[in-house]
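First comes one chain, alone, set out as structure tokens in the form predicted on its own.
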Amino acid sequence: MRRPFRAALAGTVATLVLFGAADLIARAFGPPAAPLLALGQTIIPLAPTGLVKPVIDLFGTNDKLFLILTTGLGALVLGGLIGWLASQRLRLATALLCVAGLVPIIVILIRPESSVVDIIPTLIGLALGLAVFRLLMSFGTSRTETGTAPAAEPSRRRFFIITGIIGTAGAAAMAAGQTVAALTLDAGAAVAKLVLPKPATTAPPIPTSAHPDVKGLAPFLTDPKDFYRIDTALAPPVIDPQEWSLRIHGMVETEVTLTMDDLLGLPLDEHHITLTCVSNPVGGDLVGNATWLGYPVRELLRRANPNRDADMVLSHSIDGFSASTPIEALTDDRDSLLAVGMNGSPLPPEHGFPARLVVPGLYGFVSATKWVTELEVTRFDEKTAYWTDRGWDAKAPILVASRVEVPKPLAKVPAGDVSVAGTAWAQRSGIKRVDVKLDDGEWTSAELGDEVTIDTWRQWKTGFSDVDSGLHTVTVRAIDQDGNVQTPKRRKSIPNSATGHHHIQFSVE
């Protein structure tokens, strides 16, 4: 009989080799060929809402890493169970391992961004995994299973040495493979070369007075590599701009199709716009400000001539994501764009290359579709979107919010005068005032940086004199141009934005 523990370990290592080898070979093919990415991407839309919400709350922007680790761990556990079964029934376990290896192959084949050649890495990985499994299982063969005695029983020590070497090789292959490369993609690396035309309308210059001169305050424009990324794609889709197109259809008089050449041939506008994620916690960093280059969506919709009964545009991404945007937000005078550029360069792949939506005044999950390929004109009572199906609001207007950036939480500052600074936002209304208080003192108005547009954040600074040594708390609230005061009431981000006053503690020495 084979020893169950060794058999389970053999199954686990064989699975590690399968995925590690496939992932490494997938580097030569691209993200669609990576089996772990394909499995994880398939799991995302199937995950129940009751699981999605706590995962986002707990892991935030690390939710993709959590999913990959969970998927990989699940595969290793399954491999171990198959190995344990092999201690009793080797042929059945081998067959099950083959079936388990075929699952990611099938998943890769059915994904729209994949081709038949993308299964090659997983086929090779499966062959190597099976070979390793049979090799390690041969260490435990006894007379009762084969009818003949082995020439020599390999030592327990030799088994673990060989298993350790093979397992380390599998782990190293995984570390150098496509999944790690995709999850750690450099935001400055573009998928393809794309020459952007000069804007027909340029964004106004940003005055130095818009950014208070306080060390530690976030830049007025967010570098793309620091701009938050929240989406449902484990790896940014690889899209050839020459093969990309946008289809406008649904409740329209004329269906419209736009290629990248068509888009770049239009007079493109440049606008400074702040985007905010609905999952941003109070005081969080899931908000960013950038200069976007694109074409007004209202002009594209005017070509299609939407039906008067339509009240929503359902945007579709190439990765299967969808967002429900109120049609008035795409047809009124706000600067809603089909964007191709970000801060003077083509969109980075993880921010939507080659084209995405940018809609001021709405949280990103209903307005900022990346890798967009379709605009379906429809109605809220007829269609739903990816996140609205999971309990989030359908329209999601931006709420007034603010955060303290200086001092940093738990910072130690010298006694005397203490500088305080931060950022506030209320897209489509603009910030009228920011109030700050120290400990349980009175609210005092902060000095505001100049407003660039109502759709960008506004930075602020203030200070407190002769602050005594000890632990102190700074709290901030913002008031928008419509008179809405940021609420102190705490609530979670679901279904429509976290609320509450941001406060940080620091110590004076």
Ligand SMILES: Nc1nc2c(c(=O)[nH]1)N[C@H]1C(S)=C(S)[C@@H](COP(=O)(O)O)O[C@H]1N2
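From a predicted model like this one, the values you see are computed outputs, not experimental measurements. Start at 1 with the first residue shown and count on from there.
If you look for the form predicted in complex with this ligand, you will not find it shown, but the lines that follow are about it.
Novice: Please state whether every one of the three residues Leu275, Asp319 and Thr369 places a non-hydrogen atom within 4.5 angstroms of this ligand in the predicted bound form.
Specialist: The answer is yes: all three residues contact the partner (heavy atom, 4.5 Å cut-off).
Novice: Could you tell me if Arg334 has a non-hydrogen atom within 4.5 Å of this ligand in the predicted bound form?
Specialist: Contact check for Arg334: no, nothing within 4.5 Å of this ligand in the predicted bound form.
Novice: Though only this chain appears here, would Gly364 touch this ligand in the predicted bound form if you measure heavy atom gaps against 4.5 Å?
Specialist: Answer yes; at least one heavy atom of Gly364 falls within 4.5 Å of this ligand in the predicted bound form.
Novice: Would you check, heavy atoms only and a 4.5 Å threshold, whether Ile230 touches this ligand in the predicted bound form?
Specialist: So Ile230 counts as contacting this ligand.
Novice: Going by a heavy atom distance of 4.5 Å, is Arg356 a contact of this ligand in the predicted bound form?
Specialist: Because a heavy atom of Arg356 falls inside 4.5 Å of this ligand in the predicted bound form, the answer is yes.
Novice: May I ask you to choose, among Glu113, Glu405, Glu270, Glu350, the residue with a heavy atom within 4.5 Å of this ligand in the predicted bound form?
Specialist: Looking at Glu113, Glu405, Glu270, Glu350 one by one, just Glu350 meets the 4.5 Å heavy-atom criterion.
Novice: Just one of 388-396, 295-303, 165-173, 230-238 has residues with a heavy atom within 4.5 Å of this ligand in the predicted bound form, so point it out.
Specialist: Selected range: 230-238.
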